[in-house]
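The chain that follows stands alone, in the form predicted alone, written as structure tokens.
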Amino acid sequence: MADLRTNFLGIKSPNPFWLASAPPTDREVNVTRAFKAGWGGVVWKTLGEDPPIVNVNGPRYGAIHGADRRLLGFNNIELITDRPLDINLQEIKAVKRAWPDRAVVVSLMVPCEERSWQSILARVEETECDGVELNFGCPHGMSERGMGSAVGQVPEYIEMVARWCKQHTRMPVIVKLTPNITDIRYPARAALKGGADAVSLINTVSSIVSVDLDTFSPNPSIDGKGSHGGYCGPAVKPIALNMVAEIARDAETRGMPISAIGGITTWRDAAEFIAMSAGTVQVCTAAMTYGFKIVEEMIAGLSGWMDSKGYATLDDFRGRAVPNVTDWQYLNLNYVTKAHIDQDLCIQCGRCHIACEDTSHQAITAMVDGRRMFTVKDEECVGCNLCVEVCPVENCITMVPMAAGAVDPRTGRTVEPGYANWTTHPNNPMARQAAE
């Protein structure tokens, strides 16, 4: 059976599944219940200075649902913990002593002053927790006070605070990055320069999910008014996966430990992030949607998949996707595919035809010999795979590569063997310079 044990910065846990800093990790009773369910670790909901902040006393969440009411995207306007610091610290200490084999990391957010960070770090160390996560990601409420993403959007601030924290604590320091930035590599590099041991990402995406068309207030609405909040859930996974990949393959940050966050709902999501080099994965929305026991499916699924692939430990496939991430200009332009429709699986819904006819390349028929039938016209197909994505039947439409030496009926050209990319293409006015 696959070994899911994890050692992240010396922080050991029985599996890589941690609960992210959020309402599920706000108090001892929640965390204890999570550990009983099987979670490998938690990042305690962000602590701040006393007196504690005050959260709104009304709706805090908004959502985007699919046609079946499945939650696709989740928005929140909740801030950091509104519980007294002393109570949080007492509970963290009690949890760590009761569960010494589980990871307990504490998220922190205080004003951007060295004495504030030094003071809270000293108190957190007394809990004997495993590490701290600096919350430089929250895009609402706290950012207006000069914290959260207000720090995370300025690499110089990230480097400065990370350096303060490394000077004032023996614990591992993880920097949590905001996605609300143009290029995630710059804050990651800053964290590394400041001495941070790892980064975690992504935090939530600044968003307004909807507007009530009766009251004309953004949702969630507080007394007729709404505010931007943080967007998370399955919808942000592609953003998170890309940003993790950018850090994992960047020349300056390659090899930096990463705790991945963002839309992780299934074991497959977790495996993808680990393949992109993540050391642990943090989950929030899935737990808030389905409850703590969802981790049982995640553990069983990941373990079963690893067994089927012959991976004994997580390190056997960690980072294996990173070398396959490249820039567009290096993609193989000699690779030619055509769509193929399996007539035995086709349910005659016509989605592929409509999508291709109206918005793509008019490469799928609707009628053949006077009867309803959907087939691909190779002479028009550019291999874009839009039809695959709109087809409701899995594997009904597949993309089939053309063999080298075959003639592409669309272009009349022979499919060339080997590899060629845009940097050397004759249509590229910069090709000669790129080649040099």
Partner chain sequence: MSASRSTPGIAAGRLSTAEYAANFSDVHPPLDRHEARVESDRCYFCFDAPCQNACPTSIDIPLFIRQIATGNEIGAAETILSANVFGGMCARVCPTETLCEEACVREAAEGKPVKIGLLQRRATDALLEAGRQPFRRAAETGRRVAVVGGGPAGLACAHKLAELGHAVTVFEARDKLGGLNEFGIASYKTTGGFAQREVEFVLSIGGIAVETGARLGETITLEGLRRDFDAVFLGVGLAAVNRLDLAGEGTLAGVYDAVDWIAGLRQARSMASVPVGRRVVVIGGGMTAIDAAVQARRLGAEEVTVVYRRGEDAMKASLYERQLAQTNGVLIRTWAAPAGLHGDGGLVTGVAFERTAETGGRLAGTGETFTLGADMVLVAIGQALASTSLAGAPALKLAGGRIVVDGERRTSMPGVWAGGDCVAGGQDLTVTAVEDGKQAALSIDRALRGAMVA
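Bear in mind the structure is a predicted one, so any value in this text is a computation, not a measurement. Positions refer to the first chain, counted from 1.
Keep in mind the form predicted in complex with its partner chain is missing from the figure; the text below concerns it.
With its partner chain omitted here, the record of contacts in the predicted bound form names 68-76 of 299-307, 68-76, 112-120, 274-282, defined by a heavy atom within 4.5 Å. Every residue in the set I347, F374 and P392 has a non-hydrogen atom no more than 4.5 Å from its partner chain in the predicted bound form. The closest non-hydrogen atom of I87 lies beyond 4.5 Å of its partner chain in the predicted bound form. Mapping the unseen interface onto this chain, R351 counts among the residues with a heavy atom inside 4.5 Å of its partner chain in the predicted bound form. Its partner chain in the predicted bound form comes within 4.5 Å of a heavy atom belonging to A366.
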